[in-house]
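Read the single chain below, which is given as C-alpha cells and is the form predicted on its own.
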Amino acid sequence: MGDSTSPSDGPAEPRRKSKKPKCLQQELPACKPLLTPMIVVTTFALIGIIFIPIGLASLSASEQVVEIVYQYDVDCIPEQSQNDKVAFIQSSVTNKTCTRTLTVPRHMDGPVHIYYELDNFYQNHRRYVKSRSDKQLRSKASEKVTTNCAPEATTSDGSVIVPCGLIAWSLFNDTYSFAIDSKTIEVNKKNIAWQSDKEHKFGNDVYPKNFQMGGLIGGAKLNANIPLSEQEDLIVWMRTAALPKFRKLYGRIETDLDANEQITVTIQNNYNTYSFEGKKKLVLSTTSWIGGKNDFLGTAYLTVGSLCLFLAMAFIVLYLLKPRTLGDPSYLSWNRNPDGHY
C-alpha cells in the first residue's frame, strides 16, 4: 500500500505569532493557589489576629479624644422669633449675638481644634459642586473665566465677580470668640487649610473683586486687600464635603483647657440654615493618632477580626468532624450520580 500522504503535501507551516500582546490574548502566567483547609484557616486566623488589636487600639485612641459639641441654631434664636427663624436671620437690624457657657468635661490638651458642623447641607449637589472656576482661583490672568459660575458670575452691570460661583458665595459666616473668667482666649486661624490648596489651587496674585456685591448676600465677605491664597476660611470652605453632615476647621486654641472650666462663647449667628432646615453645631475637640473622635473605624476592625476568627474556628471544627481527602474524585458530580440524575 502506498503512503496516503500526497506528494504535494509539504511540511507543516510554523504557527505564526500574533502581534498582539499576551495580556490581550489572556496568555499571561497566572497564579492559581490551591485553597487547602490549612491555608483557609490560617488566612482567617491571621486576619483576626491582626485586625482585633488594631480595632482595640483605635477604640482606645478614640476614647481619649475629648469633645464638646453644642448645637446652637435653635438656642440662638430669640423666643419671639422662633416661629419665623428665616425672617430673623435675613434681617439686617436684628441682634444675632448669642452668648453661652460651656463646661469642659475633662482636661483637654492643646491644641484644641474648633470646628463648625453643618447638617442637611448638600455641598455634594452636582450643580453646586460645579459652580466655581478653578482657573480664576489660580491666576489673575484668568479672572474672566466664569463659565460654570452662574448665577454668581458677574454683577448686574457685567463686572466679573472674584471668586465666582455658588460655593464661594455661600461661604460660612458665623463667628466664635471664647473667654475664661473674662479673659479672652486667642483663636489661631493660621494653617487651617491644606498646604497644597494654598500653594497650587489659590493664586497669590488673585484678589477678591465685586464679591457679595449683589442684592442677595449668601455668606461671609472677603477682604479685598488679601490674596485668596491667604484667605484660609475660604480655602477650607471651597473643599466641598461628600456628605450632607460635615465638619470644617474654624481655628485652634493653642492652650490647654482644664476639667470643669467654664468657657464663655460668644456666637455671631449669621449663617442661614433655616431655609433648608439645616443644623449648626460648635465643636471643640482634641485629637489622637487617628485624628478626631471616630468609633466606627475601631468597631469595623473589631467586627471583621472577630468574624474571621469565628470562621477559622468553625472551619477547624468542621474539618475535624467531617474530614475529607484533598482532591478525592468521589465527590465529583458524575461520580456521585453515575446515572446522570442530579
Partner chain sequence: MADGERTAFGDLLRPIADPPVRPDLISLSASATAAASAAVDPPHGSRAEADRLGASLKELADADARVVFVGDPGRTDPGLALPGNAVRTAKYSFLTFIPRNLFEQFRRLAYVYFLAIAVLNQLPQLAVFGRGASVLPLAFVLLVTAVKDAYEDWRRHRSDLVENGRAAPVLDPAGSGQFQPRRWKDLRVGEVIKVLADESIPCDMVLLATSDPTGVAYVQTINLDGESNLKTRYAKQETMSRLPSISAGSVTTLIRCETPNRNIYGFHANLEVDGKRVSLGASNIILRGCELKNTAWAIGVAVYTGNETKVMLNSSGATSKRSRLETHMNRETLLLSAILITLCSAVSICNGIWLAIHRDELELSQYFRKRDYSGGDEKYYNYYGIAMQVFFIFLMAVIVFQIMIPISLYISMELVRLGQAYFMIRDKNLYDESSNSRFQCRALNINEDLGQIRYVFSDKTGTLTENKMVFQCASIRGIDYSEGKDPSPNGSDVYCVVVGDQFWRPKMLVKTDPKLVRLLRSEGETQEGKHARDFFLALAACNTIVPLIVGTPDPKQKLIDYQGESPDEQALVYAAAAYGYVLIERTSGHIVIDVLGDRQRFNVLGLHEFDSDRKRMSVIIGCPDRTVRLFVKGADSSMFGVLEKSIDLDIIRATETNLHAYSSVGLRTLVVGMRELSRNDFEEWQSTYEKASTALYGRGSLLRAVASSVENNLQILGASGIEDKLQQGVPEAIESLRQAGIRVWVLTGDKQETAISIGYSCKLLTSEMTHIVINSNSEASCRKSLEDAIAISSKFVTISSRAQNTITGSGSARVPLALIIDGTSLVHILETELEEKLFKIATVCDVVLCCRVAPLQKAGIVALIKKRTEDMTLAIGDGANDVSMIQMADVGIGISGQEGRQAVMASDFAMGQFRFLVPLLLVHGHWNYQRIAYMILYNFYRNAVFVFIMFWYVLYTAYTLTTAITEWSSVLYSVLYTALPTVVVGILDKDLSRRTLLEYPKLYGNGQREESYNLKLFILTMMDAIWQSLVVFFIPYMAYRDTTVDGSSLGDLWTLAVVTLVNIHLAMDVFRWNWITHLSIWGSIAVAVMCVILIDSMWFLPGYWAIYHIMKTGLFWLCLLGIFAAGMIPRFTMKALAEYFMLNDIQISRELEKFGNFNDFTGTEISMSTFSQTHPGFIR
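Numbering follows the first chain given and starts at 1. Here, rigid core means the biggest group of C-alpha atoms that superpose within 1.5 Å across both forms. Just so it is clear, the model here is predicted, and its values are computed rather than measured.
The same protein also exists as the form predicted together with its partner chain; that form is not shown, yet it is the one meant from here on.
- Although the partner is absent here, Thr287 sits far enough away that none of its heavy atoms falls within 4.5 Å of its partner chain in the predicted complex.
- By the criterion of a heavy atom within 4.5 Å, Leu249 is counted among the residues contacting its partner chain in the predicted complex.
- Put simply, Lys135 is close to its partner chain in the predicted complex: some heavy atom of it is within 4.5 Å.
- Interface residue remark: Lys85 is not counted as part of the site for its partner chain in the predicted complex, having no heavy atom within 4.5 Å.
- A heavy atom within 4.5 Å of its partner chain in the predicted complex is found for exactly one of Pro151, Gly110, Pro105, Pro227: Pro151.
- This chain is drawn without its partner chain; in the predicted complex, the residue among Thr175, Ser170, Thr264, Thr146 with a heavy atom within 4.5 Å of it is Ser170.
- Note that among 182-190, 236-244, 254-262, 95-103, the stretch whose heavy atoms approach its partner chain to within 4.5 Å in the predicted complex is 236-244.
- Contact annotation for 300-314: residues with any non-hydrogen atom within 4.5 angstroms of its partner chain in the predicted complex are Tyr301, Val304, Leu307, Cys308, Leu311, listed in sequence order.
- Shown in the overlay between the shown form and the other one, fitted on the rigid core, is a CA shift at Leu28 of 2 Å or greater.
- In a rigid-core overlay of the protein, Pro329 has its C-alpha displaced by at least 2 Å between the shown form and the other one.
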